[in-house]
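Shown here is one chain on its own, the form predicted on its own, set out as structure tokens.
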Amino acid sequence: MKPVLEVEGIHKYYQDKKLFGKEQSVVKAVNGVSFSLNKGEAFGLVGESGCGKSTTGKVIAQLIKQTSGVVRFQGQDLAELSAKQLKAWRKQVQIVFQDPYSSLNPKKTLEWILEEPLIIHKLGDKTWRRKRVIQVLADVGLDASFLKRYPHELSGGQRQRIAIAAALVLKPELIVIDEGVSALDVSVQAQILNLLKKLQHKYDLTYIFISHDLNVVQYFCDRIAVMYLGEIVETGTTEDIGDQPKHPYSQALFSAKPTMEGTTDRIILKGDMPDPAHAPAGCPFHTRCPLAMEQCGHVKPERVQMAGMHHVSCHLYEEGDMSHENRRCI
């Protein structure tokens, strides 16, 4: 099966401007991220705040352009699209943000908000567009009585449903969900996640799900990529990474996940994530890793296949170091 999305070595750098003529530094928000995504998958991006997962999502949705690297959608290199072609392509990829209130026009009715994408892409006449809007409202669990309401008249869960409806109205192939449930109460989170699963089956959707909530990601996603300091350090199925994380950072991350039994086996990392404007050489995690070896400080680890789709970038698992395979970060 050919992947619906291929991301190859994307970088996104920003110039960190300094005052009084001081030298500028380069912020490496995303630093060589690669993965592919099959049709119908839910792919999770997890990591600490500032690891680059949201920037990666915005690059994929082409809300911002990558500094280098390639993003292919259904085999098409997006960098080769003209402005007109890119506008047409946007029907296929949509994004849902964390705070729906900031992404919904507070001065417009929900009918206007949901119809606007159809007008921009010149789809159907007024009668058809109204039917489509009513249909998508029903799909997210709301009825036509909401059409004349404004965003401030809705609860947080209802606003997120409208944000999902706005993404869904064009019938996209891929939806990027950037912290789409983190601002909601736990009970509402469950409702929205179940709604997204229902819509995935109805519309044959593919998801990129960005979150810091590991329980949510494990419930919702088929595969997971763990990001640290702009790089992917481990990828695999949800079962592989959730049950047996290999990278020391993944082990620490998942040890902090709340469970019914508590988090008595939690791994506490020392220090904070380094400044992405001054990223360390070698393995990006070596400054906090209790298992760091001499080469970790100056040699970037290769991507090693553990089993099946499980890959990890860590010197502990490279040829000659496999005796460390089952060691745990302590």
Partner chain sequence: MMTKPKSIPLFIGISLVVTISITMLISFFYTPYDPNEIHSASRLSSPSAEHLFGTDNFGRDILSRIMEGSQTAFLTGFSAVSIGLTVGLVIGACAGYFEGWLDELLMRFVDALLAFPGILLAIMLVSVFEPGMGSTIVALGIMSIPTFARIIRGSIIQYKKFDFVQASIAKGAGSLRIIFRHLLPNITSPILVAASLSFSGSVLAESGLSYLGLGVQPPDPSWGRMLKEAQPYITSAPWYVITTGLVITLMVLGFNLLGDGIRDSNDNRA
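Numbering follows the first chain given and starts at 1. Remember, it's a predicted structure, so these values are computed and weren't measured experimentally.
The protein also exists as the form predicted together with its partner chain; that form is not presented, and the subsequent description refers to it.
Q: Whether residue 105 contacts its partner chain in the predicted complex should be assessed with a 4.5 Å heavy atom distance threshold; does it?
A: Answer yes; at least one heavy atom of residue 105 falls within 4.5 Å of its partner chain in the predicted complex.
Q: Any of the heavy atoms of residue 117 lying within 4.5 Å of its partner chain in the predicted complex?
A: Residue 117: yes, in contact with its partner chain in the predicted complex.
Q: In the predicted complex, does residue 257 have a heavy atom within 4.5 Å of its partner chain?
A: Answer no; every heavy atom of residue 257 is more than 4.5 Å from its partner chain in the predicted complex.
Q: How about residue 146: is it within 4.5 Å of its partner chain in the predicted complex, going by heavy atoms?
A: Looking in the predicted complex, residue contacts with its partner chain do not include residue 146, since no heavy atom lies within 4.5 Å.
Q: Tell me which stretch of 129-137, 225-233, 197-205, 97-105 has a heavy atom within 4.5 angstroms of its partner chain in the predicted complex.
A: Within 4.5 Å of the partner lies stretch 97-105.
Q: Between 81, 170, 142, 183, only one gets a heavy atom within 4.5 angstroms of its partner chain in the predicted complex; which residue is that?
A: Of the candidates 81, 170, 142, 183, 170 is the one lying within 4.5 Å of its partner chain in the predicted complex.
Q: Report yes if all three of 87, 90 and 93 come within 4.5 Å of its partner chain in the predicted complex by some heavy atom, otherwise no.
A: Each of the three qualifies.
Q: Output the sequence-ordered list of residues from 132-165 with at least one heavy atom within 4.5 Å of its partner chain in the predicted complex.
A: Contacts from 132-165: 152, 159.
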